[in-house]
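Next up: just one chain, as structure tokens, the form predicted on its own.
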Amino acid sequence: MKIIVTGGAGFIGSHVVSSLLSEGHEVTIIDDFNDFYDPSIKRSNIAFFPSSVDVVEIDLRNGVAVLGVFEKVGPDAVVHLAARAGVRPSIADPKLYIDTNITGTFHVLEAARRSGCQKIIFASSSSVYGLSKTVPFREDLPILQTLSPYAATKIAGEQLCGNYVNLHGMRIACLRFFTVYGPGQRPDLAIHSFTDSIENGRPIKQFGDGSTRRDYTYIDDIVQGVLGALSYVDGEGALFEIFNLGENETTTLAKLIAAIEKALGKKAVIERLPEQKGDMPLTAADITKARTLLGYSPSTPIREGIPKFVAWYRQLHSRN
């Protein structure tokens, strides 16, 4: 298939593109290489892709430019991963998140419709569950309140996808990712920033008492879920589905820090701070639906994933 991957130079996106190429698909990447973190990291993510991968540097807020790419490529499917990410930055600049994540998603959906592309994967987030009291989170839980502009933009994106399915007969799978980590993870995310700080003797910031729990999901498992969803929208199932992609295991912040300390062989210097507004106290994925319909089968628990990440981190920095 000819596939457009938005955000294809990012952490998750570059892993997805690599797997799509290994399966023989033709890939076009759309990425704006913004300065949310060092753009050179994204460029290094795609440096080893073959020249057949077309990389188009545009902002999804530019609907005319997005449509131009779609009309040129004529994709069979779209994996829409591009977004402004992060809960705390979305609180600081909610308009940027609304413009990029909601309007940008509309531009992708509209360009797909106008270019005749009917198969779409949309990257959503576990943050949409807010303060849900039912644990683990199931896809059919009513979502009554999100806790951050970022989460609000993701639930809005899901709703737009549902609109396009209903109005235009598209086939769309929305994937709610649960705290993705692994080689290539963005430097601002907790596991990477904690590892970097502990390795170099700097204090880490622990928000709250360490009891918050996350369903940390290894990148290889997320990629498997994305490819499973692509096969799903290429099949004969329901036109619109939402799937959790998590590890089906929760870890407290305190235990996460301890796991990183063990893998590094170093103790953390911890700066304890109050809980942050917008942060969820718990994320926990019920992955029954993804197991059943996508063949999703996560295989890297946190006790194995953290040492793999630390090994990658040290190898990366041994070259620098």
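Every value quoted in this text rests on a predicted model; they were computed, and no experiment measured them. Counting begins at 1, following the sequence as shown.
Below: the form predicted together with nicotinamide-adenine-dinucleotide (NAD), not depicted.
Participant: Quick one: find which of 252-260, 282-290, 268-276, 36-44 has residues within 4.5 Å of nicotinamide-adenine-dinucleotide (NAD) in the predicted bound form by heavy atom distance.
Facilitator: Heavy atoms within 4.5 Å of nicotinamide-adenine-dinucleotide (NAD) in the predicted bound form occur in 36-44.
Participant: Taking heavy atoms and a 4.5 Å cut-off, does residue 26 contact nicotinamide-adenine-dinucleotide (NAD) in the predicted bound form?
Facilitator: Looking in the predicted bound form, residue contacts with nicotinamide-adenine-dinucleotide (NAD) do not include residue 26, since no heavy atom lies within 4.5 Å.
Participant: Might residue 309 be said to contact nicotinamide-adenine-dinucleotide (NAD) in the predicted bound form, defining contact as any heavy atom within 4.5 Å?
Facilitator: Heavy-atom contact with nicotinamide-adenine-dinucleotide (NAD) at 4.5 Å: absent for residue 309.
Participant: When the contact criterion is heavy atoms within 4.5 Å, does residue 296 count as touching nicotinamide-adenine-dinucleotide (NAD) in the predicted bound form?
Facilitator: Residue 296: no, not in contact with nicotinamide-adenine-dinucleotide (NAD) in the predicted bound form.
Participant: Should residue 305 be counted as a contact of nicotinamide-adenine-dinucleotide (NAD) in the predicted bound form, where contact means heavy atoms within 4.5 Å?
Facilitator: Result no; residue 305 lies far from nicotinamide-adenine-dinucleotide (NAD) in the predicted bound form.
Participant: Which residue, 85, 170, 226, 233, has a heavy atom that falls within 4.5 Å of nicotinamide-adenine-dinucleotide (NAD) in the predicted bound form?
Facilitator: Answer to the contact question: 85.
Participant: Out of 109-137, which residues reach within 4.5 Å of nicotinamide-adenine-dinucleotide (NAD) in the predicted bound form, heavy atoms considered?
Facilitator: Residues within 4.5 Å: 123, 124, 125.
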